[in-house]
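Shown here is one chain on its own, the form predicted on its own, set out as structure tokens.
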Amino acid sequence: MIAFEEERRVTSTSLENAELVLPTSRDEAVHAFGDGSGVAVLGGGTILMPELSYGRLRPKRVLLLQDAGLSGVARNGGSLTIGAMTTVAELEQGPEPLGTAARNVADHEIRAQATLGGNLCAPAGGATPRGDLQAALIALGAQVKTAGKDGERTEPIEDFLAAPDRRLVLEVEIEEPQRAGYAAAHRPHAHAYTIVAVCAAETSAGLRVGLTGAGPSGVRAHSVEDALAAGASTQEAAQKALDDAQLQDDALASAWYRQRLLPVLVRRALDDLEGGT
């Protein structure tokens, strides 16, 4: 009880000077977000709430999106539009490799609460990489629609992840691939982030390979794609993943371990892709 009261007190202190905003539509959410200055966006809260609870984040405004109409999956032919507030659990039966990536996020309780937008925007933690779905979204060639200081825009996920400016994610559009592959290494703990994950997909634009746990955010393995296009074997191409990675030590694994693990997982994902033909 003492620990519970202490956490509640810390959370209250972190939010006591913050303005809580609860938009009831997409337009209201975009207007309330503005240019993002001083705003913390609360989706499922699985990442943000610990930051608020322990005072590591003290925003001026907290934007609560649960009633903003930003959830759900809409299909249009071979493409899907997924709202930012769609939970990870709702993506478990989605097109591969997104479905498998979603099923491997934390545990059932976390997946039922965490959102696509939150996972996509997850900053690199001080001790662990985050954003378990990013590799799958990169492999699927996701287009991300956001709002910010210059209005709304749609851009490839790689550009979104690389952008330093703050944006409010509204929705993500993906196409169902012709085939897909997935390989990952996980910690044997329900709430641990993925150590390394590799996703591959054959899309209308060609083969794409995405990596999670190989940098501060998801990484597209251009070198692997280029090597395969040039006729390299799967094993030779898998080694090229190290050219795109930004490996570092953290609480989950060392850079040394990832350096040896990554090519193995790339080869497995590519083999899985071939097996899906």
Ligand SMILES: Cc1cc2nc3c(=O)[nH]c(=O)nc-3n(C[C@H](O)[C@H](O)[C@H](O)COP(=O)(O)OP(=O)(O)OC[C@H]3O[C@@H](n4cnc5c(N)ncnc54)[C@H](O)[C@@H]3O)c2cc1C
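Given the structure is predicted, the values throughout are model-derived calculations rather than measurements. The first residue of the shown sequence is 1; numbering continues from there.
One more form of this protein, predicted in complex with the ligand, exists but is not displayed; see below.
**Student:** At 4.5 angstroms, heavy atoms only, are 47, 106 and 123 all close to the ligand in the predicted complex?
**Tutor:** Yes, the whole trio is in contact, each within 4.5 Å by some heavy atom.
**Student:** Of 137, 196, 180, 114, which one comes within 4.5 Å of the ligand in the predicted complex, counting heavy atoms only?
**Tutor:** After the contact test, the surviving option is 114.
**Student:** Of 235-243, 39-47, 24-32, 220-228, which is the one stretch near the ligand in the predicted complex, taking non-hydrogen atoms within 4.5 angstroms as near?
**Tutor:** Answer to the contact question: 39-47.
**Student:** Would residue 211 sit within 4.5 Å of the ligand in the predicted complex, counting heavy atoms only?
**Tutor:** Because no heavy atom of residue 211 falls inside 4.5 Å of the ligand in the predicted complex, the answer is no.
**Student:** Taking heavy atoms and a 4.5 Å cut-off, does residue 68 contact the ligand in the predicted complex?
**Tutor:** It does not: once the ligand is placed as it appears in the predicted complex, residue 68 has no heavy atom within 4.5 Å of it.
**Student:** Please determine whether residue 142 contacts the ligand in the predicted complex, using a 4.5 Å cut-off between heavy atoms.
**Tutor:** Residue 142 lies outside the contact set for the ligand.
**Student:** When the contact criterion is heavy atoms within 4.5 Å, does residue 163 count as touching the ligand in the predicted complex?
**Tutor:** No, no contact at 4.5 Å.
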